[in-house]
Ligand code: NAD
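First comes one chain, alone, set out as structure tokens in the form predicted alone.
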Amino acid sequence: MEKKYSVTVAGGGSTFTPGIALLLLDHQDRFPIRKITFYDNLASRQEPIAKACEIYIRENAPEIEFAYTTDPKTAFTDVDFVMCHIRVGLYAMRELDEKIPLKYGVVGQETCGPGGIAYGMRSIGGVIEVLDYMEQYSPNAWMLNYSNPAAIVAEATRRLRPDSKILNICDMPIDLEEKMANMVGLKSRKEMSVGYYGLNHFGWWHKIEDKDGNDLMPEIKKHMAANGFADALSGTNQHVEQSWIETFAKAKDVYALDPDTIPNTYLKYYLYPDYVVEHSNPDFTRANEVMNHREKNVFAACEQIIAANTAVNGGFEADAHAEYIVDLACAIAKNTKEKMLLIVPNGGAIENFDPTAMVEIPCVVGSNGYEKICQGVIPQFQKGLMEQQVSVEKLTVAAWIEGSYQKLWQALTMSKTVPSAKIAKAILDDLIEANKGYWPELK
């Protein structure tokens, strides 16, 4: 009899959780589920999401056991996989992450620059807590972590829980690979084989081939030089807001800086920070955009489903972009040896780079974890940028562990988005005030 799996979604109150639940149901042919549990430490936020999903599961997969809870023992007992996408501080804190730097003419962004550092300082403790719960109650389980900022969280888990069964992942390269597949007329990114190196939200594709080994880079480069990713937006339903459309178009300028590789879109925040600030509204940032649209729409859909006591025509959709999460779980559960991008300790996979750095590279995933695929020697331009950014990430984690004001000031100063130590200190002092109760005390 085929094994069925028990999955806990940590971050049960997230607006992305219904999409994950539907995705799990859609892929039961390859990843059969016996139980889904939602866990969140904020009952009031989780309850409408969970009640609506409970109705959907009852109507579409009544054989699956469903539960939601704020109790760690209940949530993490008898679990095979934990899918973790928590947001410590919710969107109210993201709004401050974005608006405080903009007061000083500095990029305000969720995972990049001072905002990403602030978010990282909040996320470390939350992710470690979830990991510890899993290991306490289900020591054989795997944690698939896609909580942001993934680079800082991954460095923290390397430092604090080096032997834990955790895989750190990100969906942004997946979305961009789907767009590149569209550019060359392929049905899916899975019809491509890629070479990629970098840090999370800070990487480059240096090789893209089809299954027959044909080089797809020349055709993709033509698209990038003309329009960035903007002429390949029909692939998914995620990242379709105006701010994302502008980001995909700006990739043309990011690409121009090194036309031998294809860049991750997040590099615009580091390479064109002046442009980003000029095109930002300090009174209405991405956090406001999400709160005014996705947050309201998802919770409204939940209330509608609960009121009607049916999910028929309820407006829920599977997050197709997150299919990679099921791919990863399948690779571990079924030992499929699928090639996937993971955030892992370098250990020589990038030959001329810090072996302790948490790098994002292709790996082969199976029941025992992953095997890294070496990416060779990287160019000086990318190496220099990565050395600066990985130092920001390492200093941030060290500041959290040691409670060090000095190291966090150094982290902000070293960020390519911040123009001076003076401005870094002013931003830091504001962020400390805003994050009271979330960050460890800094001395």
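The first residue of the sequence shown is number 1, and the count goes up from there. What you see is a predicted model; the values in this text were computed from it and never measured.
Although it is not shown, the form predicted together with the named molecule is what the next lines describe.
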Open item on the list: With the distance limit set at 4.5 angstroms and only heavy atoms considered, check whether Thr15, Asn41 and Val130 all reach the named molecule in the predicted complex.
Closed with: yes
Task: Interface residue in the predicted complex among His206, Lys252, His85, Lys221, criterion: non-hydrogen atom within 4.5 angstroms of the named molecule - done: His85
- [ ] Find the only residue in Tyr370, Phe316, Tyr91, Tyr104 having a heavy atom within 4.5 Å of the named molecule in the predicted complex.
- [x] Tyr91
Open item on the list: Taking the named molecule as it sits in the predicted complex, is Arg45 near enough to touch it, meaning that at least one heavy atom pair lies within 4.5 angstroms?
Closed with: yes
Open item on the list: I'd like to know whether Cys170 contacts the named molecule in the predicted complex, with contact meaning heavy atoms within 4.5 angstroms.
Closed with: yes
- [ ] State yes or no: in the predicted complex, is some non-hydrogen atom of Thr247 no more than 4.5 angstroms from a non-hydrogen atom of the named molecule?
- [x] no
- [ ] Give a yes or no for Gly126: in the predicted complex, does one of its heavy atoms lie within 4.5 Å of a heavy atom belonging to the named molecule?
- [x] yes
Open item on the list: Please pick out the stretch from 385 to 393, 414 to 422, 51 to 59, 33 to 41 that is in contact with the named molecule in the predicted complex, where contact means heavy atoms within 4.5 Å.
Closed with: 33 to 41
TODO: Note that the named molecule is not shown here; using its position in the predicted complex, name the residues of 139 to 157 with a heavy atom within 4.5 Å of it, in sequence order.
DONE: Tyr146, Ser147, Asn148
